[in-house]
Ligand SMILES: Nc1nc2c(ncn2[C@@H]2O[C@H](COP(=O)(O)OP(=O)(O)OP(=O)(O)O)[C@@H](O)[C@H]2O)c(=O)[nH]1
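Here you get one chain, nothing else, as structure tokens; it is the form predicted alone.
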């Protein structure tokens, strides 16, 4: 860790699922000596995809950091890099990695070219001010691979300032700047490099205009400035399995791409952090994992200062303090203890007491707080039930551990349906979460489609009356209530209206009447779902000097409310959600045509800044519980969507009749 900050390189690898991210990671790890053989996802030997779930599914699920040294001549560099998942179900892992990296490497398959996941990676980098981006073309050894087409697709999508630095030359991957006599087909690429470099500096521009060329050193100088400033995007070619182009890529990364400090990291108040090892410590947890032997591991990115074991840091998000017992590098399943970590470094801290993903760790008396990591909201909901009573006893612990390690998962108890609902970014995400709960906490659960949290409401004015009168020896019970109910579309908090005149009901009984209505609203008369958006007018009644009581008026109010509901044209309401569906052009017809089958409707279509088609639609929650899997099937994995709650709306009568009948059947079975 004694390498100067100027020689540290920190990047994350992004891209569309299947574009070669993990293969590139394995090739880099092998070239840097982190693995004694080239890892492969196909046989489960990848240094990155080490979990059982990743091996079985043959996809990356977790962001995995690595660290190694690389020598170029007499100079030694520290390279920290992160392999990230490409599947949209695990996009939360990408968000954390974006916040930890100084520059991005986006893989592009030589056969498929730029895909939806490529654009998604580009967009997330730009939205997080990660301006330094490099592309790596992989898969040149595949049938139908086309370097020129892949290069063209990158430049068409992201601009002409995407320039190749390495390319296939005579069956090998070579650095264009390291070759004196270039083949004629690559002269155009060197010209593009020269022009991109010249545009970054006035002196270089003048020389280029005067002499018509720049030296390789001058081109590197200009490219380095352009890459740091986000105006030039280098393109590399790598054949990961063969190892071709890996050394050229690593050499160029060290020579051209920025060191810590070039990407400006700011705190919540907008103050820039200094990448100075002698400054007060500021670091952020960008990922939390659970190790079967070491327990919880918090992965941090150090922005400033130097952390050593034994140091006490304060958590500026919760006010607690943490003593750093040890720091480790995780290389696959290998653990390597380190003595210090400075700006740009990524290390795992085991056994912290009260720290989670997104938290800022800083030197004592340093109040810096980093911006929170903005995670995507869940789009897939499933009900969770324990398989056995033993699992039920451990369920809350298992869920908590799961949520601590994955901020994109949410869990809530639905009061109306009495179900525990686990929410995530897709069906695969939730399946993996259940598998992790089993391995991490020994909790076995079942997943099922949740019940829809329907509501009940009224559409007109309805009158209700009930006199509760009971005499069974001694003091009796007497309560008499007249009420009207009507819709309350604006959800006015003053929904309970006392319109009693002449003292027909004493004021001390009104709280009991209100409570009787509130309790009855928890299970409406149509199908037993909560009632919402009503106004209750209490306008008449009577009482008995001796027999009237709060209990009697509570019962009378409950029965009068039920009668008023029946007379006010009650309806069943269902939650409506707004969806934003991002897809390639070719799927526009299929997706928009599918919406009516879900009782949904398309609200609009537009093209976003990345050229992706975005359909805005709305549909009932009952119809979209499985939409994540359906969209993946319809688009071959190229579609993604977000959703947010919109409102409750009336259920169509034909659908409502089935729901009401099912509720009545369930009540009968429960009573029997």
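Bear in mind the structure is a predicted one, so any value in this text is a computation, not a measurement. Numbering follows the first chain given and starts at 1.
The following text describes the form predicted in complex with this ligand, which does not appear among the structures shown.
Just checking whether residue 60 would be counted as a contact of this ligand in the predicted complex - the rule being heavy atoms within 4.5 angstroms. Result yes; residue 60 sits at the interface with this ligand in the predicted complex.
Next on the checklist: Is it the case that residue 479, even though its partner is missing from this view, gets within 4.5 Å of this ligand in the predicted complex, heavy atoms only?
Outcome noted: Because no heavy atom of residue 479 falls inside 4.5 Å of this ligand in the predicted complex, the answer is no.
Notebook entry, point to check: Is residue 16 one of the residues lying within 4.5 Å of this ligand in the predicted complex, judged by heavy atom distances?
Noted result: Yes - in the predicted complex, heavy atoms of residue 16 and this ligand come within 4.5 Å of each other.
**Asked** Does residue 651 reach this ligand in the predicted complex if we count a contact as any heavy atom within 4.5 Å?
**Response** It does not: once this ligand is placed as it appears in the predicted complex, residue 651 has no heavy atom within 4.5 Å of it.
* this ligand in the predicted complex: contacting segment from 402 to 410, 79 to 87, 181 to 189, 342 to 350, heavy atom within 4.5 Å -> Result for this chain: 79 to 87.
- Query: Every residue in 42, 139 and 142 with a non-hydrogen atom within 4.5 Å of this ligand in the predicted complex?
  - Reply: Affirmative, all three are within 4.5 Å.
Identify which of 521, 297, 116, 241 has a heavy atom within 4.5 Å of this ligand in the predicted complex; exactly one of them does.
Contact with this ligand in the predicted complex is made by 241 alone.
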